[in-house]
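In the form predicted on its own, a lone chain appears below as structure tokens.
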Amino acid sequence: MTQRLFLPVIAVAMLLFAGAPVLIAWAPYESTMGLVQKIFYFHVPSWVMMFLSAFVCGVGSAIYLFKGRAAADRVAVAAAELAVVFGLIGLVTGPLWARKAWGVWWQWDARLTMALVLWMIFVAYLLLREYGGPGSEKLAAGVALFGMANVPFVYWSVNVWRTIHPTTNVVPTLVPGMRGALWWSLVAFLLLFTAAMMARVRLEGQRAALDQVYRDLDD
């Protein structure tokens, strides 16, 4: 079932990404930032996908910790990798936008700092699984739960502390032309996330099956 869905999902995602530059070009210019504001249409979806990846990783890790289901652990590690990838996209596009909008590449304000910490948590998760030795999967699962718990704080930080980063009410106030381009990009990123999750979970399943074959041969 997953294999049959993979090709249609990735094909639609590619079509949406191909059409995204056209809609972004048609979207109205922001009155103060001008052209550079159009980074928004990739910056915001990348962070949304990182938050989604963090939640998927956290839920999978919780199921693995309390139920011992290996399939949930495979989902968790796949989602952690995507959290790092999409977070990196956000960390690259953000400073590119900030340099023109704020005059600096980086500000150690609440949102930016907490977003960086969140990304580093999932980098730590992957490093722990790779180099932590026996039993590191369960320890990494605890790290994933900590990362998932941080997502709401990252999201709401701009509403709680004074920061140069825009608050969360920016998206609901977008004009229709901007809103359409943003939703188009969000769906494209969501389909890309879905296709990548399908591929990575399948790869983890094949890796687990291969490990089982090696263990059976050793016995």
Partner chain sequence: MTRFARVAWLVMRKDLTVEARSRELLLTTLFFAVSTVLVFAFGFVRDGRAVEDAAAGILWIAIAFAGTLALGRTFERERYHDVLHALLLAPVDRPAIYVGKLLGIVALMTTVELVVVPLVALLFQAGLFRYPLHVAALLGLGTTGFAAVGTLFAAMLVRARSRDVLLPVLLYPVTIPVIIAGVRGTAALLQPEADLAMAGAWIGMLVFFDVVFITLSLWTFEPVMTE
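Numbering follows the first chain given and starts at 1. Nothing here was measured: the structure is a model prediction, and the numbers come from that model.
One more form of this protein exists, namely the form predicted in complex with its partner chain; it is left out here, but the text below deals with it.
Checked against its partner chain in the predicted bound form, the residues Leu145, Ala101, Ile89, Ala71 give one hit for a heavy atom within 4.5 Å, which is Leu145. Here is the short version: of Val158, Val56, Leu192, Ala27, the single residue with a heavy atom within 4.5 Å of its partner chain in the predicted bound form is Val158.
Gln37 falls outside the set of residues with a heavy atom inside 4.5 Å of its partner chain in the predicted bound form. Using a 4.5 angstroms threshold between heavy atoms, Tyr131 counts as touching its partner chain in the predicted bound form. Contact check for Leu65: a heavy atom falls within 4.5 Å of its partner chain in the predicted bound form. In the predicted bound form, its partner chain sits beyond 4.5 Å of every heavy atom of Met49. Annotation for 94 to 122: interface residues with its partner chain in the predicted bound form are Val117, Met120, Ile121 [heavy atom within 4.5 Å].
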